[in-house]
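Next up: a single chain in structure tokens, the form predicted on its own.
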Amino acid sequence: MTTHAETLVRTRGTTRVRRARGPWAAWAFLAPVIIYLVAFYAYPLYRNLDLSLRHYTVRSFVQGDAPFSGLDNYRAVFDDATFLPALLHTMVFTLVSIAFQFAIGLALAVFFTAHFKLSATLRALFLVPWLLPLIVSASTWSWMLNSDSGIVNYALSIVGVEQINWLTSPDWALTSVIIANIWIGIPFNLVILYSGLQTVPGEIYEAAALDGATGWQRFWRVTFPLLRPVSAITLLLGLVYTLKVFDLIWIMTKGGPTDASTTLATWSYRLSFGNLLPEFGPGAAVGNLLILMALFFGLFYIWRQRHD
């Protein structure tokens, strides 16, 4: 028979083994995440930074013997005549897209809280732009905005508006890609904001109605303030995503005509891969500027969250 002392010794031994295995088990669970972050985030960021600090040619890119050039690539980017227009286009494209996506998405989210008969069906239909591959969406908008055979110009001609060269005019190219990007981003804002509205207690609306608040007052003084945390993360995610939009613009206008719709994202691609003699260093430098912009807004969001 096993004595009480033997049982106690075995129990203590088992406890020590479990304590010894604890840290190793924790690291074993963390290892896949760490490997993923290093392989797909840390290493690409390091390589991009290395590209921006060296003078790479096609030969040196393959052989890996590019000379160190310091901040020369960044100086070349800042001195380039394309930099300021690309920066301005990026800011306009991002801010206008986010403003309209958020405003329309919030209006639709409030509209769908009524829970009418076809509410679920219509919400599902509004998700279509978000679910379509971007190449399909961009190609569809290119066809719709075609100067000669596009459905948009045809509809405008019915009401007497003259033909607009949406994609080939320097005055309209940026507007065209902004319109397409707004259409694509509305479903994301709708889903997130609608989910946030479901967390607002109905009793608050009932109390506001009893106090005589109008529909607008209930929205502005109840819905909007309570939705602030969800709105903040929605705007941040939209900002980070819109800063790096490339494929939509490239498919529709390729940044033209005459750089009228060139953003930092399309310029970075054109520098690195759009020429017979690619400029990997300056292209990586522009990409790093986009990363810094996104990082700044992310840190600003964290700072505001801590001080609210």
Partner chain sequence: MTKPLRTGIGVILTAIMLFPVYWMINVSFTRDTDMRADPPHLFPFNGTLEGYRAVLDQQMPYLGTSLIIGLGTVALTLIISAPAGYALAKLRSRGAGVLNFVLLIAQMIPGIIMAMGFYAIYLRAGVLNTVPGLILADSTIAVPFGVLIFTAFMSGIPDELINAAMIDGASRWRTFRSVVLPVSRNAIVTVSLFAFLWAWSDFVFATTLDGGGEYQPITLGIYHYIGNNNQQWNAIMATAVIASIPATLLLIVAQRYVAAGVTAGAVKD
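Each form is matched to the other, and the largest set of C-alpha atoms that superpose within 1.5 Å is called the rigid core. Bear in mind that the values here come from a model prediction, so they are computed numbers and not experimental data. Numbering follows the first chain given and starts at 1.
One more form of this protein exists, namely the form predicted in complex with the partner chain; it is left out here, but the text below deals with it.
S.K.: Does any part of Gln163 reach within 4.5 Å of the partner chain in the predicted bound form? Heavy atoms only, please.
M.R.: Residue-level check for Gln163: no, no contact with the partner chain.
S.K.: Does Phe219 reach the partner chain in the predicted bound form if we count a contact as any heavy atom within 4.5 Å?
M.R.: Looking in the predicted bound form, residue contacts with the partner chain do not include Phe219, since no heavy atom lies within 4.5 Å.
S.K.: Can any non-hydrogen atom of Ala103 be found within 4.5 angstroms of the partner chain in the predicted bound form?
M.R.: Result no; Ala103 lies far from the partner chain in the predicted bound form.
S.K.: Within a 4.5 Å heavy atom cut-off, is Pro67 in contact with the partner chain in the predicted bound form?
M.R.: Flag for Pro67 set to no.
S.K.: Name the stretch, out of 90 to 98, 187 to 195, 204 to 212, 67 to 75, where some heavy atom lies within 4.5 Å of the partner chain in the predicted bound form.
M.R.: Among the candidates, contact is made by 187 to 195.
S.K.: Kindly indicate whether Leu53, Leu235 and Thr258 are, all three, within 4.5 angstroms of the partner chain in the predicted bound form, using heavy atoms.
M.R.: No residue of the spot touches the partner chain in the predicted bound form.
S.K.: Determine the residues of 133 to 169 with a heavy atom within 4.5 Å of the partner chain in the predicted bound form and present them in sequence order; the list may be empty.
M.R.: Going through 133 to 169 in order - heavy atoms within 4.5 Å of the partner chain in the predicted bound form - the hits are Pro133, Ile135, Val136, Ser139, Thr140, Trp141, Ser142, Trp143, Met144, Asn146, Asp148, Ser149, Ile151, Tyr154.
S.K.: When the rigid core is used for the superposition, does Leu292 move between the shown form and the other one (threshold: C-alpha shift of 2 Å or more)?
M.R.: Shift at Leu292: below 2 Å after core fit.
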